[in-house]
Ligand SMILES: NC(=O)c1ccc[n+]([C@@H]2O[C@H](COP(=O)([O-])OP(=O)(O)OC[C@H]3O[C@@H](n4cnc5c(N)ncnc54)[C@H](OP(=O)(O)O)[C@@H]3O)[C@@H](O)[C@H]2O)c1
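Just one chain is shown here, as structure tokens, and it is the form predicted alone.
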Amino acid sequence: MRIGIVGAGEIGTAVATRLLAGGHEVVVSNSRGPQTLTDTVTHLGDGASAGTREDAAGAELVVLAVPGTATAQALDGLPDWGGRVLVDATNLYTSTPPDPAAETSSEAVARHAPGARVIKAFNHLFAATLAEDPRRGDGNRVLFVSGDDAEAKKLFTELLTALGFAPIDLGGLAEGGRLHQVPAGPLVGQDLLRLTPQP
């Protein structure tokens, strides 16, 4: 699969590392242009290329890996998503206690990406942990997934499983997203394994 990554910071490059290890191609982008990503692409290796925001967002599956405060800047002005999957890996760091009634960060992403099937994932672990091989000696690293589109979640969880993760579906963007979004989600930072059943 050809996968776009909007945002080439620690989370974006960690996700790219795992996708490349799984045999996929990645197109990484940032706000400063592809000419600034030469070192990043060289470090990532075969299968990685640099592109514009539009290049990355045009892939069949796209990961948004920017700070939550940059969501509008990263997404506004892009063409309609036409039903393609957008994985929201953003986190909104703030000193203000979250309003339980406010929209989740992923609902905000969906608002800025008309036509996208938005999934929340890749955000609850530190980048260094996320970049590691998720296949452990006695199980597989858990990744939480939220989203309102069942077909999109099925496609995405199959991708995660093939990469060696153990995806756990937490429900929709509203109720599920609150469980693993920064700053107040109770599952943030939880590095869990799904143990391999013993015969």
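Because the structure is a prediction, the values reported are computed rather than measured. Start at 1 and count along the sequence shown; that's the residue number.
Although it is not shown, the form predicted in complex with the named molecule is what the next lines describe.
A single residue from the set A174, A162, A70, L155 has any heavy atom within 4.5 angstroms of the named molecule in the model of the complex; that residue is A70.
Heavy atoms within 4.5 Å of the named molecule in the model of the complex are found in one stretch of 30-38, 132-140, 43-51, 162-170, which is 30-38. Annotated contacts: S106, A116 and L179 are all free of the named molecule in the model of the complex [non-hydrogen atom within 4.5 angstroms].
Interface residue remark: E25 is not counted as part of the site for the named molecule in the model of the complex, having no heavy atom within 4.5 Å. In the model of the complex, at least one heavy atom of L125 sits within 4.5 Å of the named molecule.
In the model of the complex, the named molecule lies within 4.5 Å of some heavy atom of G7.
Within 4.5 Å of any heavy atom of the named molecule in the model of the complex lies no heavy atom of A16. No residues of 166-188 lie near the named molecule in the model of the complex, the criterion being any heavy atom within 4.5 Å.
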